[in-house]
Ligand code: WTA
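A single chain, nothing else alongside it, follows as structure tokens in the form predicted on its own.
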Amino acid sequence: MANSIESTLVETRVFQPPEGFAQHANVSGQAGYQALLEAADRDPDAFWAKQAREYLQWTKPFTKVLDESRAPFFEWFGDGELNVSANCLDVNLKNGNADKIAIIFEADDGVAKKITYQELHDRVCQLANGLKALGYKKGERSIIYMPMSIEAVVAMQACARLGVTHSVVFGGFSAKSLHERITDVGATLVLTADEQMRGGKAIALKPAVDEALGMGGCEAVRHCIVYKRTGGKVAWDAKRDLWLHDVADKQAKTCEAVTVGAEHPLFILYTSGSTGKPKGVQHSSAGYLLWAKLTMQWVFDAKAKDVFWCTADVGWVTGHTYVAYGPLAAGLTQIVFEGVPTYPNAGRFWKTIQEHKVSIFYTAPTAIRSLIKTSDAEAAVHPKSFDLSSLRLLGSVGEPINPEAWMWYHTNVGGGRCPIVDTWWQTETGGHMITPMPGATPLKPGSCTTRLPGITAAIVDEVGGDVAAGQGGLLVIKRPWPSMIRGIWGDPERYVKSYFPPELGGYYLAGDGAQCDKDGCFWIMGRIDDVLNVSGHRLGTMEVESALVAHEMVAEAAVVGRPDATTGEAIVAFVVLKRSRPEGDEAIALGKQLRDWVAKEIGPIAKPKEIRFGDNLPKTRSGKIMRRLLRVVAKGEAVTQDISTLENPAILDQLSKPV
């Protein structure tokens, strides 16, 4: 496995932290970084205890830091108690931020709406009181299926305020995907909207909820609360459905935050695995929030005057940590963006930065790559046509950023003066793990650089042994950290098998192949399992294959990823029909039909970019599909590997021809 990810990648361009930036940074210079690193490595318990006491407000102080007695089911600050919403909102009212703008909502049509910390607190309390009046209490679980909006943040915070564990589902997912999550998590409440706006178009949300709840197994759901985003017509179940404004608007603007234990599940977020069923990643309250707040300070160098903009949707972990929780816990003003980067034109991001004087901008390589094409082709939407002088820090998230896209971002968006924090982390890690500290770390385009204090990242072989610098291997974390995954909801065996395989001796397996160069900089080389990373969204190959095979015409399917200049990775599906192999126009029409089918079954992001039809799939004589060969074929490369175990080698030529 390790050999498959070795790389000869060399990057000689190095960018030192700008002197002016480093001088005023929260972590200044290599000396500042090394001091934190050494403190964390020397006495981890003392280090984490100090951070937890300094950065969080506790209703009951903890006395124990890390409990490893049930490893790998670790507990942090286990006897402490607090409330996450109080740490995000009430704290800001007490420290003088009540009248400070908390959120600038940038709607799809460009109309901006601002809300202060006091107003946000009031609205969260009103919704929490409304939910309480409906009988919801600590320990229950909710599904949130809402558009990017102030209301989505309010919904998440209101659940946290009551100790109701939320599970946010991305608004692009299908009714079937929604149903899987409702039933798996045992939700008793769904919060949604009539429609969402994207690129000037209204996209219905509630019909998917209605369809999901009608599939069976959702009897525990007592209410569906609907945010009226557009006023679009929706079907209504008078016994179950309630308008959000009817639930919240007449309630009191104060609601005492419910105290929960440090390990109380704040949220469960589903992420794709290499088997068909999505994994419900469970996160705690205290450890998760501590790391969200710390990384805001360390990685984003958060200052009181900053205007922060993370472009991620709250349906993903980035939108949890760096929209719904981290920026509010840090007391920042942030942008919540409903739209898409290309509407009404490809200058939307730059215009928004200019108008709201954004100082920290955090987006995905996919967005950057797509905007390079349009920006370089049309001067009017190029970043240089806008005043981006307010920017002082840029960030990248979701997948590795290729060096040339990094350079374009640095030069054209950051004007050559803004450090770029290229952040490696996962749904399971809760926050940044390997990333530059902008006032301390020399930057290498394409590298996520070095580990954060307290994060014992390393590259090992298949039995957990350290590999030499420059050699490929498995990325692991050797010691637990506060914001780590606490388990897979309802499936402890899968948790251990997925993340703590016994052959690695207790290390957390990230699932990424990587290497570490002689300077100690990490380079992420790709997934080691069958998980695809499309535009920063993780999709299991089995999920897509299962959706294809569910179609009445499909006998068999195999799905692989291939590099894509825009999305990072594109889905290529190899399909065997129950009838003869189609060709020409018929193949094109059937390919479109199957792509639309996958979009309906899973969601538009899972649509294969390409479908190729074959009489069979390349299999060993024992019947195993040889996906490694399909990956080569999908890239358009010649197969040079040993195919002596292949039962039907001629099929490779057939599958090499795109439709």
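Everything numeric in this text was worked out from a predicted model, so none of it was measured. The first residue of the sequence shown is number 1, and the count goes up from there.
From this point on, the text means the form predicted together with the ligand, which you will not see here.
> Within 4.5 Å of the ligand in the predicted complex, counting heavy atoms only, one of 292 to 300, 455 to 463, 533 to 541, 105 to 113 shows up; tell me which.
Residues of 533 to 541 come within 4.5 Å of the partner.
> Answer yes or no: in the predicted complex, does the ligand come within 4.5 Å of a heavy atom in every one of V397, W424 and T427?
All of them do, each having a heavy atom within 4.5 Å of the partner.
> Which one of I144, A573, C159, V317 is close to the ligand in the predicted complex, taking close to mean a heavy atom within 4.5 Å?
Answer to the contact question: V317.
> Work out which of E545, D210, E75, D512 lies within 4.5 Å of the ligand in the predicted complex, going by heavy atoms.
Checking each option against the ligand in the predicted complex, the one that comes within 4.5 Å is D512.
> Is there a heavy atom of R527 lying 4.5 Å or less from a heavy atom of the ligand in the predicted complex?
Contact with the ligand, yes.
> Using a 4.5 angstroms cut-off on non-hydrogen atoms, would S149 count as touching the ligand in the predicted complex?
So S149 does not count as contacting the ligand.
> At 4.5 Å between heavy atoms, is N92 in contact with the ligand in the predicted complex?
Residue-level check for N92: no, no contact with the ligand.
> Does any part of T271 reach within 4.5 Å of the ligand in the predicted complex? Heavy atoms only, please.
Flag for T271 set to yes.
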